[in-house]
Each structure stands twice: as C-alpha cells, then as structure tokens.
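Structure 1 and structure 2 below are the same protein chain in two forms, each given by itself as structure tokens.
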Structure 1
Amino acid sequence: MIIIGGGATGCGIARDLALRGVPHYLVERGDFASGATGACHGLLHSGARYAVRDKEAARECITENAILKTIAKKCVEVTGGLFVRLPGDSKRYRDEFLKSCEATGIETVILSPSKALELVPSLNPAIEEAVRVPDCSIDPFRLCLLNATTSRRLGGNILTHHEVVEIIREKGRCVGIRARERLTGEIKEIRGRIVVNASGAWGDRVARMAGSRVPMALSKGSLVITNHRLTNVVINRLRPPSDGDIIVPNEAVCLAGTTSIPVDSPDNLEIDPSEVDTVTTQAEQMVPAFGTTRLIRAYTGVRPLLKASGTEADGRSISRGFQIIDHKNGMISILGGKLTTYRLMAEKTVDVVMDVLGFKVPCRTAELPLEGQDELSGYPLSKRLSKLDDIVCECELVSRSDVQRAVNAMATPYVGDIQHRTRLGMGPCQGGFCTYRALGIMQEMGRVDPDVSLSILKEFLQRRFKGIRPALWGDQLREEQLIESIYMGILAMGQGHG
C-alpha cells in the first residue's frame, strides 16, 4: 500500500496497516503534521461542541476521546473542559445543548458561577453558569510520531519531505507514485497495489492526479498563542460555534481560536490582522486576562471538510463527519473528520483496503497503547526538570540530549523536524534563542554542513516570522527586535545569507 499524507489520519492508517501485516509506504511532502493536524487547537474533543448540530460527529468524538485517553496517555493532558455562558447568551441554546449532550452520551455537570471561578479563577466573573465536559488537550505532533513508530518497527517505510508529483497509472489503474525529495530534487518511484489518499486539504489535488475528483470545501481557521497558560481547563463559549470561542491550555502556553473563512487553495495562506483581533476580543470575553497577555504567534490551517449538496457559506455548518471513497481505479480517498476521530477514520479506511485485498484481519488500534510513550516526558512540563542536563530551549525545557536523540531519529536535516519531536522553539521565544543552538548540535553530529545549515536556518526563520508578524506589538515587538539583532547582527544572517 502507498499512503499519501503524514497527518494524524495518514500515520494512523500506517499503524493500522502495520498491525494487520500489510506492507506499506507513507509519503509526506513536509514533516509529520504539517497540514491541518499541526495547525489545529490541540483539542481532544468531548464531542460537546457538535452535539447540537452534528450528533453523529459528537458520538464519534466522545467514543474516541475515551479510547485515546487510554492508548495515548503521554499525548493527552486530561484538563477537562468548561462551556461558559455569559450575559446575553441564550438560555434556550443552553437547554438544547444539555439535552443533545445527554442524547449523544456526553457527560455534563452544571456548575454555578462561584464553583466555575473556583475551578478557573481567570474566568470572567460575570459568567452566569458553566457546564463541565470531558474535553482534553492533546499533542498532535507526538500523536503522529507515535503512530509512525509502530509502522517503522513492523517494517513500514516512511518518507517525509517527499512531494508526490505523479500518480503512475497503467491501464486506467493507479499502480504507484513518483515523489520528489525536497532538498535534493531526486525523484523516487514507488509501486503498490492501492494508493490511499489521506492528504487532507490537498485531497482533490491528489485525486486529480489519478483522474478522479473528491468533493471538498476548504475552510481556513486561524488561532493565536499566548506566552503562558491562562487556564488549566479547556474553555468553550456556551453558544452556537463561532469565531474565537475556544481556549486550550497546551504545555506552557494557551491556544485560542478560531475563525472560519472559505478558501480556494490550502497553499500560501496569510493571516489577516483582523482575524487576530477577532479571536483575541472573543477570548477576552471568557478570560479577561487574554486582552493584556502577550501573544507570541498566530497560525492558520485549512479544514478539509466534506462538500455537502447545499451551498453553505460558513464552514461551521458543514458536518465534521468523514467519508471514504473507493475510486475503483486503485485509489481510496479518506475525507473530512477531526483530529479526535483520526483512529476511527484510519480503522474504517483500512477495513476498505482489506476488503479490496480479500483479507480478513481485525483492527487492534483501539486496544494496543501507542508505542514509544515511555521515552516521552508527559505532562506537566515540570516533570522534565528532574532529567535535564544541558538546556538548549529554556521555554520548553528541552535538553541537549533531547535534541541529539531527535537528530539521530531523523532522516532529514531540517531544524523544524527537531521542533516537532521535542517542542524546541514552541514556547515564548518561538525558537529565537534555541534554533541556532540546535543547528550547531546538528553540525557537531555531522548531520548538516555549514552551507546547507544557513539555507535551512533562513527557511525556518522566514516561516517563523510569518506566524509572528500578525502579533507584533508591545513586548512581542520588542522581543522580535532583539531576535533580529541576534540573527542579522551577531550571526550576520544579512551578510549575503539572509
């Protein structure tokens, strides 16, 4: 089998195939989680957000929520979640919300304002009530890497930083792919019986290479990151889903979002400053401190939604369910869904693959814990303090040995890949003080030469600045001026290399 796409679904499919004994290649044009998976809230949904409008998706979420808390413990922080009702929010919607949660099997507990404020002191004291649900925080990068661990251990082949440029077809059937290596431009040809299109927002583009089409509606969602945690509980607004109505604690920071804007392409996305203003203003209504807290980054991704028969202008009205399409030409596409339901999506996709192959091997991904978790630090962040040797990233407490392990496990010289494997550079400095240290370690280990490292560093800094630019004011602007002086002045990145 050939899997195109290294997000949560693609990696989940690779793990499932490996456990069922099916040889496979996974091909991803960037690193793991470089699409919607890595640009999400990091929220392990309870399903409550969808309970009113999309009961099937809600049931899938609460079921998978329980499974992932069992099999992926080192990826999940069991924060719990609150849906808070503010003055002016509809009591009628609140009643419908509670009824829908009960109908979909989502446990709820109603809290008085005083109880909610006792649980989360940073909440707006004007709240009228809150409803507790089993939302959690989840690390999508760890999730992908751990699924890939099982694939590799059982003989799966994984190529990151390889872009599929052609689907090989013979007699009308897909029989393989050609992929271009990002750094060298080398073309590799891989043959397989079935090509699984798990490329998310790029799903229709990949399907077209095979002479097929898939119905997709692309919705851009932008989020912001604060420089520290403002809450230890996921906070949702108790109203119909809208802009800026979720705040998720994640390691040392908080994520807030999101917007929903229709787009034609998932490439070259820009964040409009108005989106940052919208998300910040709405988040501030739930947690007032959000309005005075430093934002360190904004980022955006594209939801790969199923295109319905209607003409929905707002992506929020489109179901978060998923669909598997057998194109009857050797390609199978998996569309839609959520990060929370990635395992279920993978299971159902592999079931279709097994039917095509005529094999009957049951899925075991819901029962077996993800491999490789023993090597992870887990939550909270303070657990890392006991085994630090030489700190490379102060924000996320990443040590030299952490970086060295990541480099040894990587097949590519990209510093961003270290970030995904260790959280280096994901804290308040956004890699400003630790990126060049990590590249120095890579050079010491003989993994990258100085000339190549400069181009890799430049690319990383450009991508980093793209996310920081929409949040440049106040303390963040002053910090960015310091970072600029380090790279442009002390390291002379502007002298023929910047």
Structure 2
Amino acid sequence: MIIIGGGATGCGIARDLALRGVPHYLVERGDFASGATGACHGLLHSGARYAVRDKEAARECITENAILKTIAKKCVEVTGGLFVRLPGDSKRYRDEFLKSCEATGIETVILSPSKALELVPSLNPAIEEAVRVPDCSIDPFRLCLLNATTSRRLGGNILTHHEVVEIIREKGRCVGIRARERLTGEIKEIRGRIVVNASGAWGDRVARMAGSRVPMALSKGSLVITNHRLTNVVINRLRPPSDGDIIVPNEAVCLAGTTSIPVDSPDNLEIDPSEVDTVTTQAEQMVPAFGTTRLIRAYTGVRPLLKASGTEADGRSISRGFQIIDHKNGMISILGGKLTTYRLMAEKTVDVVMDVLGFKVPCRTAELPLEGQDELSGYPLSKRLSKLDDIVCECELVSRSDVQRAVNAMATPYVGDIQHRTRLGMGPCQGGFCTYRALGIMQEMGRVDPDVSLSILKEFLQRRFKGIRPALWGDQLREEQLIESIYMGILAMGQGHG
C-alpha cells in the first residue's frame, strides 16, 4: 500500500492500515499538514455549521467530534462553541438552525446576551442571543504526528519531503511510485499493490499521473492569526455560512476566517490584502476588539472540494461530504471532506482497500486512543522559563537545547520541521530573529550545509513575507520595518548576495 499525502486523511489512513496489519508507505512532498490540514481553522466541528444545509455532513461531524474528544485528548481543547446572532441576522434562519441541530443530534443551549457575555466577555454587547454547541479547538499538526506515530511503530514507512513525480504503471495498473527528495533530488522507487490518493487539493494532479481524473472545484480560504487569545470559546456567526464568520482560539492565539475564492491551482497562492480586511471586518462584528488587535500574519489553503456534477456551485454550497473513488486501475482516491471527519474518511477508504485486497479485519481507530500523547508535554511556561539564558526564540521561549533535541530526534535538514515541532518562530516576529539562529545551530550540528544555509534563509524570508504582507499595519508593520532593516541593512542581503 502506498499513500500519497501527509495531511490528516493520509496520516489517518496510515494509522488505520497499521492497526489492521497492512504494510504501507506514506509519501508527502512537504512536512505533515502542509496542505489544507495545516491551513484551516483548527476547528473540531460540532456539525452545527452544516446542520441546515447538509444534514449528513452534520451527523458525521457530531459523531466524530465525540470520538476525537476521547481518542485525541491532547490534540483537542474542549472549548465549546457559540453561534451568535447580531442585530439584522435572520431570526428565521435561527429557528431553522435550532430545528436542524435537533434533527441531527447536536445539542444546543440558548443563551441570553448577558449569559453569553459572562461566558465570553469580549463578545459584541449588541448580540441578540447566542446558541451554545459542542465545537472544539483541535491541533491539526499534532493530530497528524500522532497518527503517524502508530503507523511507524507498526512498521509503516513515512517519507516526508518526498514529492511523487511518477506513478509506475504496468498493463494499465498502478504498481508503484517514484518520489524525489526535495533537497537532494534523490529518486526513490516504491512498489505496492494499491496507491491511495489522499493528496487533497492536488487530487486531480495525482490522479492524472495514473491516467485518471477526479472532478474538483478548488476554493481558496484565507485566515488571519491574532497576537493573543481574544476568546476561550469558538465563536460562529448565526447565519448561513459566509466569509469571516468563525473565530477559533488555539494555544496562545486566535484564528479567524475564512474567505472563499475559486482558484485554478493549489500552488503559489497569494493572499490579497482585501481578504484580510474582509475577515477582520467580519470578526470585529462578533468580537469588537478584533479590529484593534495585532495580527501576526495571514495564511491560506485550498479546500479539496468535489465538483458537483452539472452545476456551477460556489465553494460554500458544495457538500462537505467526502467521496471515495476506485479508479479500477490500482488507484483509490479519497476526496472532499474536512478535518473533523478525517478518521471516518480514513476508515471508509481502508474498508474499500480491504475489499480490493480481499482481507477482512475490522477498523479499530475509533476505540484506541492515539499513541504518543503522553510524550506531548505541551508548552508549560515553567519549563520554558527555567532556562532563560539559553533562549533562541524569545516569542515562544524555545531554547537552544529544545532545537538541538528536535534536530537530533529527526535528523532533518529542514528548518521548517524544527519550527513545526518546537513552535520556534510562531510568535509575533514570525521567525524574523530566530530562524537565522536555528539555521546557525543546525550548521554547528552538521545538519545543514553552510553553503546552502543562506539560500535556505532567503527562501524562508520570502515565504514568511507572503503571509505577513497582506496584514501589515500597526505594531506588526513596525516590527516588520525592524526585521527589514536587519536583513537589508545589517546583513546586506538585498545587495545582490545570497
């Protein structure tokens, strides 16, 4: 078995296969969660958002919501969620919303404005009412890591930073892949009986390599990250799903979004400053302080939605349900869906795989807790403050030894891998100070070739700026001017070097 894609779905499939005893490879072109999985709200849906329009998706959500709260405790923060109705929002929609939640088994509690404000003091005091639902915040990156842990322990092979460049076919059937390591360019050939295409927004591109097609309607969604937490509860707008109507607390920050703009390709996405304005203006209506809070950056991802046949539907009205396509040539594609239902998507996909292979082993992913959660220490402040002398990332209090430990554990030459696993560079300066240091430490440890370190730094700064540029004003602009003066003024990187 070969899985293409290291998002939540691909990692979930790897864990499921491992638990059912099927040997497998997972190939991902970046780090885990580098597509839509890592570019979403990190919202574990209760299903309420879909209840009115897509009852089946809503039912899937509430079931999976309960399962993940049990099996992935260390990835989920049980925040609860509110749907808030502002003056002018349709009361009829609210009635329909409550009815649909009841019909789909989503528990709701209606709160008066004063009760809602007691729960979330930063809410707009003009709200007319709020409905409490079991929404939660979830960490997609950890979720992928933990799913991959089980796969690895049971013999699965996981190759990140490997891009599939060819699907090997013999007599019309997929029998393997060729993948290229991003840095070295080395090609690995892997053979397998079935190739599972879990590449999300890249689904059609992968299917084409096997001579097939999958109908996709790509839709870009952009979000912003605040410098601190403005709410401890997920906040949704009680109206038909639209732009900028969700705010999710996550670790020390809040994430708000999204927009929905059709795109032709999942690569080279740009965020327009107007998208940031849209999201900020909408979020500000629910939580007024949002408008004056420092934004540390924007990010964007592509929803891997299925094209509804024969209709010109926009991104939001397309079903959030998923579909499994057996191309009958040794490739199985899993498309659509959402983070909340990743486990169910994996289960159904592996069921199809088992049918094809003629095995009969039941799925156990819903009962067994994710492995490795005990080792996730989280980020206790006391631990971080104990070695202040050694700090290399001041924003997130990451020490030199944290970096060295991560580098040693992973034996990775990618500075991004270290950032994802230590939170280095995730704070307000967005790696402006510490990436230079992390690369310096990796050079000292012999993990990064000094000859290429400057081009890695340069590439990082360009990528970083892409997310920062659309949301630049206030203190973030002030800090960015300082960062610019460091790289252009002190380090002279703009003078034709690097």
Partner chain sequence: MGEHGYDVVIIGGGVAGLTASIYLAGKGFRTALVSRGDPACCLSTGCIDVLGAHEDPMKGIDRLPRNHPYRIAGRRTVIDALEAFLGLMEERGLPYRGSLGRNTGILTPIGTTKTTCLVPITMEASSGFTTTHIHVVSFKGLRDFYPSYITSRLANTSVSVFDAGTSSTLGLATKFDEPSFVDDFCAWLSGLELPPGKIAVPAVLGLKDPKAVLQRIRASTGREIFEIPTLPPSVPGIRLFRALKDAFLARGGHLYWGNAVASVETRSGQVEAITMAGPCRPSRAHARAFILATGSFVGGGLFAQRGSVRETVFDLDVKVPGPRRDWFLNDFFSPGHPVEASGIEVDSSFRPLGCGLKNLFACGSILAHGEIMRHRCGHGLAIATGSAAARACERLLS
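Only a predicted model underlies this, so the values are computations on that prediction, with no experimental measurement involved. The term rigid core refers to the maximal set of C-alpha atoms that superpose within 1.5 Å between the two forms. Quick note, the numbers are simply positions in structure 1, starting from 1.
In this pair, structure 1 matches the form predicted on its own, whereas the other structure does not. Once both forms are fitted on their core, the CA shift for K69 between the two structures remains under 2 Å. With the core held fixed, the Cα of L461 is displaced between the two structures by 2 Å or more. With the core held fixed, D135 shows a CA shift below 2 Å between the two structures. For M488, the Cα shift between the two structures is 4.5 Å when the rigid core is held fixed in the overlay.
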